[in-house]
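As structure tokens, one chain now follows by itself in the form predicted on its own.
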Amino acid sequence: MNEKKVGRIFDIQKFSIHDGPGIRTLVFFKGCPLRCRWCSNPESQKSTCELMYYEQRCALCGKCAEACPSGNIELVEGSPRVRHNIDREACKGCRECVKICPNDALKVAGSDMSVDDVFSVILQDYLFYLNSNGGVTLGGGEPAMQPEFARELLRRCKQNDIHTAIETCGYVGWNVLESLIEYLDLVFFDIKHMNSDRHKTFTGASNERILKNANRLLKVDVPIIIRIPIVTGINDNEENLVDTLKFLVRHNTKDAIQRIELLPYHKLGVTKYRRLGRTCELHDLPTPNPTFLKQAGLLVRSFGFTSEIMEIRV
């Protein structure tokens, strides 16, 4: 096994309590096959490293522009003040601008790390996993887009008796997902919309592959938590939820589903789009109606599933 294999990670979050049992370390993988318009981690979408600019920290000293070897950063006159102009497409990720910035106004989302690198961070909290029945969760982005690295990291965790979980959008080849199951104790699986056309409109891809993978996964001996994002005006209606629940009842023949989590849309990731030089299409979208969320939880339970409405968080 190549334990020196390199993966691209954009964050490692310790003391996570929402992504599996106990206290966990959440490893965020870079790259995702979907482009969900409500995504709260847009820095996870592209597989390339990306420069993020924190305008409120910037002193407009110009040191970053001077340091950039490719001339991709310039200060230009703007209203009401001078502003940065960053050519992110031409950025080579050398991090020279990040190193010289005195106020940490620039950051590169994404770092190449070996399995050893990531696992050394994981091991720092080993006692917390033991005392809380916690473990490690791979998220993103989509971990299955880096399957060999994900598999090696999961294998290392299992060798050390660390509970493992993965968060997946399901839009991956079944052979890839199947190759990871051997080393998984829990799978978080997203189902975003049952109408394939609307799914494609709001995520960039149809849902056929996702639903086929969900069907296959429910036949495998691994516990599953289904996650349904609730997004105002997109899937916050009873018809879509009922169709989703009927699908899950039909295919949950081995009682693999532990619970269904409802994830309300929030605006906490909107500022990240600005830091990446992008526009968040849903920046004006309100959070879901609390009454609907309550009714949705009751509806889930009426189909025989345990439901949980997740708190709003990034």
Partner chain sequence: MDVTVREKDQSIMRKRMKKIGKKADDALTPRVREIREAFFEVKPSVSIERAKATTDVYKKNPGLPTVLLRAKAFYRACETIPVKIHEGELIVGHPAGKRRAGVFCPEISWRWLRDELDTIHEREQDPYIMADDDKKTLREEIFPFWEGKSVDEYVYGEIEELGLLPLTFNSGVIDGELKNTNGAGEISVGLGTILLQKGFKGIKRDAERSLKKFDPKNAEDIEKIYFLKAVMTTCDGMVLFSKRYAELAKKLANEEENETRRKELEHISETCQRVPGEPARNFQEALQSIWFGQVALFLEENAPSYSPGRVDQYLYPFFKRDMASGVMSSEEARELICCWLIKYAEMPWLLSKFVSMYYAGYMGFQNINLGGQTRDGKDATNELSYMILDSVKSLKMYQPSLSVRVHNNSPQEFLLKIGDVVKTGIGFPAVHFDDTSIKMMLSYGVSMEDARDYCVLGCVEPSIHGKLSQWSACCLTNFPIAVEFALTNGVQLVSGKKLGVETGDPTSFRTFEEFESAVKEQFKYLIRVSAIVSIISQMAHKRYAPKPLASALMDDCVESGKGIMSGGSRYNAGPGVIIAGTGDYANAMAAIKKLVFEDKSLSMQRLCDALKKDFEGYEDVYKACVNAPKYGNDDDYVDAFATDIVDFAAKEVNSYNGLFGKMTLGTLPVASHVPQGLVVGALPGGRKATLPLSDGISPSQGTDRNGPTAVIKSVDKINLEASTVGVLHNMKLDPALIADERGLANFVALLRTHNHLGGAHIQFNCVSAEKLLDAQKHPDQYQDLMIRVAGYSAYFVELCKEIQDEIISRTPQSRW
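This structure is a prediction, so every number in the text was calculated from the model and none was measured. Positions refer to the first chain, counted from 1.
Same protein, other form: the form predicted together with the partner chain, not shown, and the subject of what follows.
Visitor: Could you tell me which one of Ile181, Val98, Val176, Met194 places a heavy atom within 4.5 Å of the partner chain in the predicted complex?
Guide: Flagged contact: Val98.
Visitor: Which of these residues, Asn160, Asn85, Gln124, Asn237, gets a heavy atom within 4.5 Å of the partner chain in the predicted complex?
Guide: When the partner chain is considered in the predicted complex, the option within 4.5 Å is Gln124.
Visitor: On the criterion of a non-hydrogen atom at 4.5 angstroms or closer, are Asp185, Gln295 and Phe305 all touching the partner chain in the predicted complex?
Guide: Zero of three within 4.5 Å in the predicted complex.
Visitor: Mark Phe128 yes when one of its heavy atoms lies within 4.5 Å of a heavy atom of the partner chain in the predicted complex, and no otherwise.
Guide: It does: once the partner chain is placed as it appears in the predicted complex, Phe128 has a heavy atom within 4.5 Å of it.
Visitor: Does the partner chain come within 4.5 Å of any heavy atom of Thr232 in the predicted complex?
Guide: The answer is no: Thr232 has no heavy atom within 4.5 Å of the partner chain.
Visitor: Determine whether any heavy atom of Arg250 comes within 4.5 Å of a heavy atom of the partner chain in the predicted complex, and answer yes or no.
Guide: Contact with the partner chain, no.
Visitor: Heavy atoms within 4.5 Å of the partner chain in the predicted complex: does Leu299 have any?
Guide: Contact with the partner chain, no.
Visitor: Tell me which of 98-106, 239-247, 211-219, 67-75 has residues with heavy atoms within 4.5 angstroms of the partner chain in the predicted complex?
Guide: Careful reading of the contacts points to 98-106.
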